[in-house]
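Take a look at this single chain, the form predicted alone, given in structure tokens.
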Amino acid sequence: MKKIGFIGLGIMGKPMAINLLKAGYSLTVYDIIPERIKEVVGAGAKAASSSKEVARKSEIIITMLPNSPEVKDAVLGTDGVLDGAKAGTILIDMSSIAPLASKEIAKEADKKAVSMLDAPVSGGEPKAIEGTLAIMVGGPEETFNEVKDIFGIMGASVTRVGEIGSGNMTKLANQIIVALNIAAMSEAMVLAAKAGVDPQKVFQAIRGGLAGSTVLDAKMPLVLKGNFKPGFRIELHIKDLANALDTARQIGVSVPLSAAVMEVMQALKVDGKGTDDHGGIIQFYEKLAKVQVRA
């Protein structure tokens, strides 16, 4: 088995790294928060003191970081991945970042004979723990085929969608659809609650029809319990929609519904709810209607 380096051990990265350890891979890990490193080392990983050290000790390096600036710093910065990576190393960025940033990083990696894939994921913390994430991959097909088995440890659905940057473009499409689904669910359920109809019964009535969706089934039970513990935080969805809106402007595409949901999320962040799960979008509509959707 190839030696793997893992950089970024947050809500998503930690369970992904642990699943690789359970599968028998040798892992060297780094995070800017030392406590996160200790936890994964406790599961069998080896600690590194920098991204450079991770790269020096690894044949495949996975990054799972918040956004484009953090990935650029970890890969291109001082003591970054490219300072320590050998020719032939494979870099897999599983963060959700701007597609153009993926292309910029890949261009620099290529100068060091490092092959890069952008491979963002969908499914949130629960599926990261289960190892059943949906993984969207962009980059050279030959490189993808080399690491496909590793993706299979972390995800149940792994699809190469094109060249570098296309993985993150697919993730932006995913995040638009998820955000609009949650907003539509929220509007509908607040309308029902305000009219005096039981949202639990509305949910059961519609979930088997055309309005049914994975989003509805995942988020509505939590909403009915008032459980907004983050599986995927509103502030992170804001980041993804910001990347979607920026990309849309750059290529000349109008995305008015995405812009509207972005404003809803920004209002919730200002209201102190940015760390709530994105299912907490419903709180915006509840506040306006002066009603709560709870079982």
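All residue numbers refer to positions in the sequence shown, first residue = 1. Since the structure is predicted, the reported quantities are computational estimates derived from the model, not experimental observations.
Although not depicted, the form predicted in complex with nicotinamide-adenine-dinucleotide (NAD) is the subject of the following passage.
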Ok, G124, G84, G77, P140: which has a heavy atom sitting within 4.5 Å of nicotinamide-adenine-dinucleotide (NAD) in the predicted bound form?
G124
Checked T89, S95, T170, S186 for heavy atoms within 4.5 Å of nicotinamide-adenine-dinucleotide (NAD) in the predicted bound form; positive is S95
For nicotinamide-adenine-dinucleotide (NAD), considered in the predicted bound form: do all three of K22, Y25 and V158 come within 4.5 Å of it, counting heavy atoms only?
no
Classify I18 as contacting or not contacting nicotinamide-adenine-dinucleotide (NAD) in the predicted bound form by the rule of any non-hydrogen atom within 4.5 angstroms, answering yes or no.
no
Looking at the partner-bound form in the predicted bound form, is G13 within 4.5 Å of nicotinamide-adenine-dinucleotide (NAD) by any heavy atom?
yes
Give a yes/no on whether R36 approaches nicotinamide-adenine-dinucleotide (NAD) to within 4.5 Å in the predicted bound form, heavy atoms considered.
yes
nicotinamide-adenine-dinucleotide (NAD) contact at L236 in the predicted bound form, heavy atom, 4.5 Å
yes
Want to guess which of 227 to 235, 40 to 48, 264 to 272, 245 to 253 is within 4.5 Å of nicotinamide-adenine-dinucleotide (NAD) in the predicted bound form, heavy atoms only?
227 to 235
Pick out the residues of 14 to 47 whose heavy atoms come within 4.5 Å of nicotinamide-adenine-dinucleotide (NAD) in the predicted bound form.
Y30, D31, I32, I33, R36
